[in-house]
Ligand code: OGA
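Below you will find one chain, with nothing else, as structure tokens; this is the form predicted on its own, and questions on how it binds or moves follow later.
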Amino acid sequence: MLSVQKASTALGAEILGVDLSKEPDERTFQQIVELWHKHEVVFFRNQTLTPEQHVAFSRRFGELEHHVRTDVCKPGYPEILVVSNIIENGKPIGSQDAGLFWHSDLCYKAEPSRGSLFYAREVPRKDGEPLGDTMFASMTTAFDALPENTKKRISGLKAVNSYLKAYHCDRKSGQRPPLTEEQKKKVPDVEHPMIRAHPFTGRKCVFVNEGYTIRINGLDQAESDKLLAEILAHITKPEFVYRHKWQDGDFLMWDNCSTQHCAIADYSLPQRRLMERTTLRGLAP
């Protein structure tokens, strides 16, 4: 029987009593959806899933995205993005440096992602303790806590998100190949409201982030930079954050409208990390 253990933070909850490999019935599935909307990040421990089961469960929420970086997708499964530091035959099997900054997946698209579903196959450890935590921040709680004058100031403003900004930032590590011109054409810069309403709950969410947002339209660059810095410093305060300590077999879902996340890169080979992500197509703000 399904039960819930809420984290002692602004977001996050563990869902117990569900084996995702056995296709939850419709009633259970709807409970999962409601809990996801309520807690913004939910996870299931001790799951054993095939790639087919991962994709099938994800598709119950809607259409899945195919990532622009086909070089880090799981062979035979274009819906699955691999995040890993493992090298095979001299080549990385996945993205080695994904998400080392606060961001929301696919916020650089005209229709940003609804959510991401992440399966932990191998979690790195040191002295028995898991490494490679992921931090999640609640953009609904962060919005609610903004001063009223700041809410009024940014309501109605739009900001530009750029995939190239984050991609080139990550490339400083030397681990990413340059994008082709064809790939660049698939991810042009896009403008979104700084504050958007969640498409299912209606709650207001801050929708700018460290990784992809490059400027606020209608302001000169200096004013834009100053206001962005103010907002970005606010939205990742500790009181808005849940830090997930991964275990092998974790299946975790996060909402890409109401949360942002950031990976902690405190591990290296021979400590292996292997995670697989599906990404839900969303709606234009």
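A residue's number is simply how far along the shown sequence it sits, counting from 1. Everything numeric here is computed off the predicted structure, so don't read it as measured data.
The form predicted together with ligand OGA exists for this protein as well; it is not shown, and the discussion that follows is about that form.
- Screening 145-153, 85-93, 101-109, 194-202 for residues having heavy atoms within 4.5 Å of ligand OGA in the model of the complex returns a single hit, 101-109.
- Scanning F251, F240, F57, W254 against ligand OGA in the model of the complex with a 4.5 Å heavy atom cut-off leaves one residue, W254.
- Site residues F118, T134 and R277 are all in contact with ligand OGA in the model of the complex, judged by any heavy atom within 4.5 Å.
- Ligand OGA in the model of the complex comes within 4.5 Å of a heavy atom belonging to A263.
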